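Only one chain is included here, represented as structure tokens and corresponding to the form predicted alone.
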Amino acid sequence: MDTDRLDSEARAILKGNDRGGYTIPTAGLYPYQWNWDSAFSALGIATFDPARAWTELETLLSGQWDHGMVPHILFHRPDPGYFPGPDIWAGRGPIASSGITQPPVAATAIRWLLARDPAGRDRAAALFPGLLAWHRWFMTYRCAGGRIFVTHPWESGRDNAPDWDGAMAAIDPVGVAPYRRRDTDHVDAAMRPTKADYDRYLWLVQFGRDIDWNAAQIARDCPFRVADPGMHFILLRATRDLGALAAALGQDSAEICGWIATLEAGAEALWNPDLGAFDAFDLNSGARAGALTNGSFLCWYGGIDRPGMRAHLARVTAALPHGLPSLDPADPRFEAKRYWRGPVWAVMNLMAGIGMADMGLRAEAEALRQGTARLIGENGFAEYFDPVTGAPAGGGAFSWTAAVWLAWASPSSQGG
């Protein structure tokens, strides 16, 4: 493996995707600033330009809505090649944006940056109130019985995961205006969500837009309300990191400690004893998804351990050599190349690997890190990868895959 060449290529990708204060995921397919993509990009940028990494997160938080939500897309400049754009969303923040959020990686990224760049303390302190308000928004509008739920599949970051199949099937996408997808102009349709999925995605956008993105009404009445283990564990980890930031910055952490306790208790309600794993739960129907996904394996990232998850980890990683697939390969819904229904994602490997190391699964964490390094080294900086063959899939020259390489997977990195 030519580590120097790969390090250089990863830095070039992040610099090439820099649009002046924010980083796009990849040209063409994703031409704007995506929320969790941006936070991961900052981790990679920090390895060669810490000041620019702080700017990345400052730009992300600059789009925060008045009630605390940070949108999943910020439309900083027009790009007619993307759909659905700002005219479809009609967001109401200070920057043209979507009306939903994404997994809140920012607090974790800021703690990571501060540990590596103590000179950024004042910048971290300036970002802290926005982080606190965003986490408070989650606990106010996305928490039911201690479980964090999503109101759109896109909010989860795992757009077409089987976690949402039941809730999506219950939606009749009547009234969706004719549209032309742009994602399949860039990527083989066999690697993307289906048209049936897309119709329902747009129906949910129209639902939120028609009520002016009223957060309380969406939380109460949205036809799609699914407790998501991936979102739950990412928020739990980020809230722990927010508490650590509070301590480092001399801020009160009592409210944060209460949130951590609520989320720890809520994690237990996500356990599916029939599956023997953490699983999504449809709050509207009361049905479990019955899906072991890479979101399930983020339990350790959130600081939660179960022996059953260790057994699943051993089984799945023995079956597939390239890290954590987005769905158990034994599941009949598994599709090796279709987005979040099978492929391996480097960012999910990173989070799961860091969590494993933190919870004492050091050998498993190191095997996952090395497997991710081989996957990228042999197949490039793709959006995601076929879990069976390792073949690249989705978009190319992808920012968060480059960032994962620089911050964690590369032999030259400091790891987690």
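Numbers follow the displayed sequence, beginning with 1. Quantities reported herein were computed from a predicted structural model and do not represent experimental measurements.
The same protein also exists as the form predicted in complex with a small molecule; that form is not shown, yet it is the one meant from here on.
Q: Give a yes or no for W340: in the predicted complex, does one of its heavy atoms lie within 4.5 Å of a heavy atom belonging to the small molecule?
A: So W340 counts as contacting the small molecule.
Q: Closest heavy atom of Q102 to the small molecule in the predicted complex, within 4.5 Å or not?
A: The answer is yes: Q102 has a heavy atom within 4.5 Å of the small molecule.
Q: Should W36 be classed as touching the small molecule in the predicted complex when contacts are defined as heavy atoms within 4.5 Å?
A: Close contact exists here: in the predicted complex, W36 approaches the small molecule to within 4.5 Å, heavy atoms only.
Q: Quick check on F381: any heavy atom within 4.5 Å of the small molecule in the predicted complex?
A: Contact check for F381: no, nothing within 4.5 Å of the small molecule in the predicted complex.
Q: Specify the contacting stretch among 307-315, 282-290, 153-161, 247-255, defined as having any heavy atom within 4.5 Å of the small molecule in the predicted complex.
A: Among the candidates, contact is made by 153-161.
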